[in-house]
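Below you'll find only one chain, the form predicted alone, shown as C-alpha coordinates.
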Amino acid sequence: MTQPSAPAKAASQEALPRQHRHYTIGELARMFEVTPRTIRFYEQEGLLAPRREGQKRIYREKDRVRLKLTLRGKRLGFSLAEIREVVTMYDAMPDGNARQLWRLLEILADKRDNLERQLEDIRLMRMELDDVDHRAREVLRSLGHEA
(Lines give C-alpha, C1' and ligand atoms only; values in the text may rest on other atoms or scores of the structure.)
Protein backbone atom coordinates (compact mmCIF):
# COMPACT_ATOMS: atom_id res chain seq x y z
CA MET A 1 0.00 0.00 0.00
CA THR A 2 1.39 3.43 -0.91
CA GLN A 3 1.50 6.51 1.27
CA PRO A 4 -0.66 9.47 0.17
CA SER A 5 1.25 12.31 -1.50
CA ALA A 6 1.90 15.57 0.36
CA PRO A 7 -0.88 17.44 -1.54
CA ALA A 8 -3.29 14.56 -0.83
CA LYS A 9 -2.39 14.68 2.88
CA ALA A 10 -2.91 18.45 2.94
CA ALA A 11 -6.28 18.11 1.23
CA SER A 12 -7.37 15.42 3.67
CA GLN A 13 -6.30 17.67 6.59
CA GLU A 14 -8.41 20.53 5.20
CA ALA A 15 -11.43 18.24 5.04
CA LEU A 16 -11.16 17.37 8.75
CA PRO A 17 -13.10 19.37 11.31
CA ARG A 18 -10.72 21.93 12.81
CA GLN A 19 -10.50 20.16 16.21
CA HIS A 20 -9.20 16.96 14.53
CA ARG A 21 -6.47 18.56 12.42
CA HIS A 22 -2.84 18.17 13.28
CA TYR A 23 0.24 20.13 12.32
CA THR A 24 3.99 19.63 12.11
CA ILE A 25 6.38 22.10 13.69
CA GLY A 26 7.25 23.37 10.20
CA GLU A 27 3.62 23.99 9.31
CA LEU A 28 3.04 25.99 12.49
CA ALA A 29 6.28 27.91 11.98
CA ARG A 30 5.20 28.92 8.45
CA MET A 31 1.64 29.66 9.55
CA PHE A 32 2.76 32.10 12.27
CA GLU A 33 6.00 33.26 10.64
CA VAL A 34 8.18 32.14 13.55
CA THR A 35 11.09 29.73 13.72
CA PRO A 36 10.76 26.11 14.84
CA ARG A 37 13.13 27.08 17.65
CA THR A 38 10.52 29.59 18.91
CA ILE A 39 7.88 26.86 18.93
CA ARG A 40 10.20 24.47 20.79
CA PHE A 41 10.89 27.24 23.33
CA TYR A 42 7.16 27.67 24.03
CA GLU A 43 6.89 23.89 24.31
CA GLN A 44 9.74 23.91 26.85
CA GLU A 45 7.90 26.63 28.78
CA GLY A 46 4.82 24.39 29.00
CA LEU A 47 2.63 26.47 26.70
CA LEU A 48 2.44 23.77 24.01
CA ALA A 49 2.21 20.00 24.45
CA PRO A 50 2.55 18.17 21.13
CA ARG A 51 2.10 14.44 20.75
CA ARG A 52 5.28 12.59 19.78
CA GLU A 53 5.76 10.02 17.06
CA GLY A 54 9.39 9.05 17.54
CA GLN A 55 11.33 12.30 17.06
CA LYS A 56 8.44 13.98 15.24
CA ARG A 57 6.18 16.46 17.05
CA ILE A 58 2.49 16.39 16.15
CA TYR A 59 0.60 19.51 17.19
CA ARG A 60 -3.18 19.49 17.63
CA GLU A 61 -5.60 22.32 16.97
CA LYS A 62 -5.42 23.17 20.68
CA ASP A 63 -1.67 23.73 20.33
CA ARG A 64 -2.23 25.94 17.27
CA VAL A 65 -4.68 28.10 19.22
CA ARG A 66 -2.35 28.26 22.23
CA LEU A 67 0.54 29.32 19.99
CA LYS A 68 -1.66 32.00 18.42
CA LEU A 69 -2.65 33.31 21.87
CA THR A 70 0.95 33.17 23.09
CA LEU A 71 2.25 35.18 20.14
CA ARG A 72 -0.58 37.70 20.50
CA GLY A 73 0.17 38.01 24.22
CA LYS A 74 3.86 38.62 23.54
CA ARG A 75 2.98 41.35 21.00
CA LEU A 76 0.85 43.01 23.69
CA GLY A 77 3.75 42.90 26.15
CA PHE A 78 2.49 40.05 28.34
CA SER A 79 5.08 38.04 30.22
CA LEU A 80 5.23 34.28 29.67
CA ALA A 81 3.90 33.85 33.22
CA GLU A 82 0.85 36.01 32.39
CA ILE A 83 0.24 34.13 29.15
CA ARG A 84 0.59 30.77 30.92
CA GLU A 85 -1.83 31.87 33.65
CA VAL A 86 -4.55 32.89 31.21
CA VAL A 87 -4.15 29.86 28.92
CA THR A 88 -3.96 27.39 31.82
CA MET A 89 -7.04 28.92 33.41
CA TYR A 90 -8.99 28.27 30.23
CA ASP A 91 -7.83 24.63 30.06
CA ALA A 92 -8.26 23.75 33.73
CA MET A 93 -11.57 25.18 34.82
CA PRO A 94 -15.17 24.52 33.78
CA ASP A 95 -15.86 28.26 33.74
CA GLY A 96 -12.36 28.91 32.42
CA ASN A 97 -13.49 30.99 29.49
CA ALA A 98 -15.20 33.66 31.62
CA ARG A 99 -12.49 33.58 34.28
CA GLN A 100 -9.85 33.76 31.56
CA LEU A 101 -11.50 36.85 30.11
CA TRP A 102 -11.78 38.58 33.50
CA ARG A 103 -8.10 37.91 34.17
CA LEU A 104 -7.24 39.10 30.68
CA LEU A 105 -9.07 42.36 31.39
CA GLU A 106 -7.09 42.79 34.63
CA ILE A 107 -3.80 42.22 32.82
CA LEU A 108 -4.80 44.65 30.05
CA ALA A 109 -5.66 47.31 32.63
CA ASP A 110 -2.25 46.82 34.27
CA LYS A 111 -0.51 47.08 30.89
CA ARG A 112 -2.47 50.22 30.03
CA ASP A 113 -1.57 51.83 33.40
CA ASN A 114 2.07 50.95 32.87
CA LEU A 115 2.05 52.50 29.38
CA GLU A 116 0.50 55.69 30.77
CA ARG A 117 3.29 55.92 33.39
CA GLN A 118 5.91 55.36 30.68
CA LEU A 119 4.35 58.04 28.48
CA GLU A 120 4.46 60.51 31.37
CA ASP A 121 8.11 59.59 32.08
CA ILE A 122 8.96 60.16 28.41
CA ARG A 123 7.14 63.50 28.41
CA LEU A 124 9.08 64.66 31.50
CA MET A 125 12.39 63.45 30.09
CA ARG A 126 11.73 65.28 26.84
CA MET A 127 11.02 68.51 28.77
CA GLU A 128 14.34 68.09 30.61
CA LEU A 129 16.19 67.50 27.33
CA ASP A 130 14.58 70.59 25.80
CA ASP A 131 15.58 72.64 28.86
CA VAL A 132 19.23 71.49 28.73
CA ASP A 133 19.28 72.11 24.96
CA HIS A 134 17.94 75.64 25.47
CA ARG A 135 20.52 76.45 28.19
CA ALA A 136 23.41 75.04 26.12
CA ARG A 137 22.38 77.21 23.15
CA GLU A 138 22.18 80.30 25.39
CA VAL A 139 25.69 79.66 26.72
CA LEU A 140 27.00 79.22 23.14
CA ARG A 141 25.36 82.53 22.11
CA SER A 142 26.90 84.32 25.14
CA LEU A 143 30.29 82.99 24.01
CA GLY A 144 29.71 84.40 20.54
CA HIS A 145 28.90 81.14 18.84
CA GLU A 146 25.66 80.44 17.03
CA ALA A 147 24.12 77.02 17.48
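All figures in this text were calculated on a predicted structure; none of them were measured in a lab. Sequential numbering from 1, following the sequence displayed.
Same protein, other form: the form predicted together with the DNA, not shown, and the subject of what follows.
- Here is the short version: of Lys111, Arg40, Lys68, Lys62, the single residue with a heavy atom within 4.5 Å of the DNA in the predicted bound form is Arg40.
- Contact check at 4.5 Å (heavy atoms) against the DNA in the predicted bound form: none of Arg21, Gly46 and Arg75 pass.
- Taking the partner from the other structure, the DNA in the predicted bound form has no heavy atom within 4.5 Å of any heavy atom of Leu101.
- Remark: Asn97 does not count among the residues lining the DNA in the predicted bound form, judged by a heavy atom distance of 4.5 Å or less.
- When the DNA is considered in the predicted bound form, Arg117 lies well away from it, no heavy atom lying within 4.5 Å.
- Contact residues in stretch 45-73 (any heavy atom within 4.5 Å of the DNA, taken in the predicted bound form) are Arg52, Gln55, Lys56, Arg57.
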